[in-house]
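Next up is one chain by itself, shown in structure tokens, the form predicted on its own.
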């Protein structure tokens, strides 16, 4: 086993085997996502306490956090107030002034044995005033054996790291575990960036970086350290992005050498469809169709992301691609995240392709018996067809004889592994993934760095901007009057309630209760409810009545977020709007304004909300640009939640931030590209160590065939 493999094996060791940790603390650390030695090294401090100097008790002002030295002058329990609350008090002096140190919760025996008159301690905490006397509540305490032994005294001072923790796990336990882990780190931890790359960007070594982050020196700047922008932090960020970009580059490189299905340039079906459409395609749609057609007619498998705002016409573009597949005597599979959306695509495609002789089928969990069997036989028989479906397409008995195109609608709702299952139902099919969630450039580079990008930036003609307003609870009577006024003129409205997985039952109950109330308030109109737990047939019936304007107000959970299209619906009220991410609010808002009439989106919220929630809602009120909203969403929520990157099949972000570290992401991408241009197989001596590290970082999400 070489040094790198030994290093990886050591890093993978369970955290309980760090000296002083053991099974109990190991379990607590696992709650924080710290399961291995490597996880503990990457459990970086989120701030630092400046304890580099000792303050004078007399000169310290209340409201300041300080390190104070004191010798115990008196100690004991004090009983306060009528209820007889016990407080443990230690009165200390530094020779000039006095400080009372207090604990309201304490182990009595331990404290009585610990604090003896004449003993010396360092106290760290915030100084406050109580009845004119200086006090410190529940401080961190370090015993100092000899005040005049400089080295003993100094080792307790400096920049002290603060870590995220969990109940039962204390800061000192994390610091102690890291002290033990980092003993001899320089000799233990093999370097993970090539020397030439470190020189080019001026980065320190990996072991030095961990050492200085967890144990900063006295001369280090606490401001830079607290902002996590030191050269040592930046080195770890670059390294994380470098291996991410390298893995994406290998994925892309491998895709470029594979042989796929080269479709012939046949456009008769596409021309028939163009002549049926009552409108001209936008410039963005035409450009996307051209790019997709070029990919499908090449011998290399297509791997393309089609990105466009809500209502930009992506589904129509994917239908043009499916027609090219069908005209070549092949099959196309289009996978949507919900049955409602799959059913809508199926109905639209069936209507548009009527009379063209192309079988269009719908396969979902609700497709049963004889109907399902007929679809399976059609696909296995190799007849040209377009099948629209949900996760049901991934089932083992669904086999395609001539599948040449896979379309994934709303890509972020599926994991990469699900995409791969569908792709493996054919030999290297062309793949088109679509998203209506605009993705900031930095995230697109990361999530979809192995895909070509087609972008539709404009909306079809006739789409009018949606007026968005925040309304607070006190405005609810006005809100109901406004809804009534609009519905009386023949328009329709949505009331949308949040549905959060962790408390699905609770939220569904809330929505049901609100539905009953809204039926009473709007008793002159037909009000119905739609939610994800209803059977497919029920959903279809409810949506059918709403589409035909037999129902005027639809109370719904977020099941309507994706794809539901009712042109006469001009008003949406989003309840508890502060509980949604910006991108989701934008998706929901896109359900109205689809019929050319002036439309409204009301963000209903409680006045009592965090500054962050207010900021989010104001962004929605001010902008209808999905890309701008996505940028703000990424800044506010961070990359971990945005688009659910945990499902993306990418390594987790441990230290990098796609907003503040964009310069390092660009540098890492450039470095990965340059390295592979010079050494595509990682065969050079100085690059051989990269391969095992790359496979380790991607944790099985890159195959050996993709690397070298």
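Numbering follows the first chain given and starts at 1. Remember, it's a predicted structure, so these values are computed and weren't measured experimentally.
A second form of this protein, the form predicted together with a small molecule, is not displayed here; the remarks below concern that form.
The small molecule in the predicted bound form is approached by residue 314, whose closest heavy atom lies within 4.5 angstroms of it.
The shortest heavy atom separation between residue 281 and the small molecule in the predicted bound form is within 4.5 Å. Contact check for residue 285: a heavy atom falls within 4.5 Å of the small molecule in the predicted bound form. Interface membership of residue 565, defined by any non-hydrogen atom within 4.5 Å of the small molecule in the predicted bound form, is confirmed. This chain lacks the partner; the member of 92, 322, 136, 310 within 4.5 angstroms of the small molecule in the predicted bound form by a non-hydrogen atom is 310. Here is the short version: of 233, 402, 263, 594, the single residue with a heavy atom within 4.5 Å of the small molecule in the predicted bound form is 594.
The partner is not drawn, yet in the predicted bound form one stretch among 196-204, 272-280, 234-242, 467-475 has residues with heavy atoms inside 4.5 Å of the small molecule: 272-280.
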